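Encoded as structure tokens, the following chain is the form predicted alone, with no partner shown.
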Amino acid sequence: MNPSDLFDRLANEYDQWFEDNPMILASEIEAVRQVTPSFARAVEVGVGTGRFSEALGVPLGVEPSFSMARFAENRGITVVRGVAEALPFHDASFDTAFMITVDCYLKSLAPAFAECYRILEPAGHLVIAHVDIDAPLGEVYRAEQESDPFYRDAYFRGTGEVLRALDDAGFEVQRIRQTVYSFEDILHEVRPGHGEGVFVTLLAKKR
């Protein structure tokens, strides 16, 4: 199934997960916040329902799903229709771009990372958050992938693969944080590095 069709159909269920797990969401937001630089012109690629943009003060998002975009717009985010592989912006339009749990819906990272590189000004930053399939909880994601509608067709990756793709795209990684060590809805510690937490955030700068 096309990811945008999936999210058009299940946007309510997707957003409800965050309502049901507020402490996990807070942990993830904090992990993103710890790698986020100061910014003046930022965009979230794959803004979804706008939970992270709202928390981080990102005013603009790109989203292919109409149903998800409506949630984000109701949270005060300006949303434009588009996909990560063909962003509807001029070169060097932003100082910071965010991609939060988008990579698992991309068969290849290279086109999306190339587009992020293109729309960022010189020395601009890309903030990534992804599900690290190599973390201990990654085994649960693998075991439940076939039964989970959001992850059935996902392309799960380890952080090592994401780091290599960023390097190939011309980015230098400057910070890495990790969190979420169980599915218990508690405030999880944010730690440097990767390999323990299933939610990993990275700050990458254009070379």
Ligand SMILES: C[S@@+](CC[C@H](N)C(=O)[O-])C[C@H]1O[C@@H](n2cnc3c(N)ncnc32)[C@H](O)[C@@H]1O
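Predicted model, so just to flag it, every value in this text is computed and none were measured. In this text, residue numbers run from 1 along the sequence as written.
The protein also exists as the form predicted together with the ligand; that form is not presented, and the subsequent description refers to it.
Heavy atoms, 4.5 Å, the ligand in the predicted bound form: which of 89-97, 133-141, 76-84, 120-128 makes the cut? Say which one. Going through the listed ranges, the match is 76-84.
Please tell me which of 68, 31, 169, 180 lies within 4.5 Å of the ligand in the predicted bound form, judged by heavy atoms. Contact residue from the list: 68.
Even though the ligand is not shown here, does residue 43 get within 4.5 Å of it in the predicted bound form, heavy atoms only? Residue 43: no contact with the ligand in the predicted bound form.
Should residue 64 be counted as a contact of the ligand in the predicted bound form, where contact means heavy atoms within 4.5 Å? Yes.
Quick one: does residue 102 come within 4.5 Å of the ligand in the predicted bound form, counting heavy atoms only? Residue 102 belongs to the contact set for the ligand.
Please tell me whether any heavy atom belonging to residue 109 falls inside 4.5 Å of a heavy atom of the ligand, as the geometry stands in the predicted bound form. Because no heavy atom of residue 109 falls inside 4.5 Å of the ligand in the predicted bound form, the answer is no.
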